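Just one chain follows, in the form predicted alone, and it is written as structure tokens.
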């Protein structure tokens, strides 16, 4: 049989088995099992000064109550229309204006908030309210009631990070609205941090969730920890000083599906090349610098956001003392035994 005839015979065979909802593995094996990660995600950056006018404009177009969550999604250019910044993670910038309430609801997707702009608005999670300030890392665990409000005199903006694409892939998404805009508060503000976030746990406490019982990690504490580490000169050539937000009850990640990190890069620090399998979203808290991710170079400053895809080489250079917040799906990959990293040399 000639090559042309064989190709035709094979195509006819494929057409016949397609009627039985089958397909030949050998035609797609190289795509399904690649020699290394082949993500369609690409490096991308969102400059806050460019995005902010559109956030404020959205506030004139729709109320927080009407929108339920007034958010501009940060879509990876390689994943248009999928509401995803990486294959497993969603990111967006949420705006709440003075006097507004974003109504209470709950869902199986886990969420984090990283406060970008404003001071004095709040989020309430399962009966406790916490005031939000720039640089705070706040958790909304899966299936917990949560609402947001702004009693301050200025707009409040934060970065939302959720495992929406992952939960969607697993077909495990549920959601429910609370009967009122705001949930009933049953604990005083600061209760969770006092109970679980001071190196202490209530006597007899047993963790019933893999999510941290602390849901606000104030930036003031975080920044102090970074400065203490700076004095110890504990610099990693690929990360500067990089720390993980943890669950104080277990010592593991603060969230089961999303890992959150904070890192300090001193002025003049040039990071050694690094890559890992967890696509990572970065938010600039302080300072200026630039990052090379694959073949893209991004100059960044405070409040800018960028994403490094899976297995893309990255380096960071700090033009001044810089602090970067980041999050990824590393906890999931590590539990499944899939996570890998590779370090290069300067």
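What you see is a predicted model; the values in this text were computed from it and never measured. Positions refer to the first chain, counted from 1.
One more form of this protein exists, namely the form predicted together with 2,5-dihydroxybenzoic acid (GTQ); it is left out here, but the text below deals with it.
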Q: Would you kindly say which of 275, 239, 146, 129 lies with a heavy atom within 4.5 Å of 2,5-dihydroxybenzoic acid (GTQ) in the predicted bound form?
A: 146
Q: Quick one: from 100, 160, 136, 75, grab the residue that has a heavy atom within 4.5 Å of 2,5-dihydroxybenzoic acid (GTQ) in the predicted bound form.
A: 160
Q) Based on heavy atom distances of at most 4.5 Å to 2,5-dihydroxybenzoic acid (GTQ) in the predicted bound form, which listed stretch, 193 to 201, 67 to 75, 165 to 173, 216 to 224, is the contact stretch? A) 67 to 75
Q. Could you tell me if residue 105 has a non-hydrogen atom within 4.5 Å of 2,5-dihydroxybenzoic acid (GTQ) in the predicted bound form?
A. yes
(Q) So in the predicted bound form, is 2,5-dihydroxybenzoic acid (GTQ) close enough to residue 150 to count as touching (4.5 Å, heavy atoms)? (A) no
**Q.** is_contact(residue 87, 2,5-dihydroxybenzoic acid (GTQ)) in the predicted bound form, heavy atom dist at most 4.5 Å
**A.** no
Q: Using a 4.5 Å heavy atom cut-off, state whether residue 183 contacts 2,5-dihydroxybenzoic acid (GTQ) in the predicted bound form.
A: no
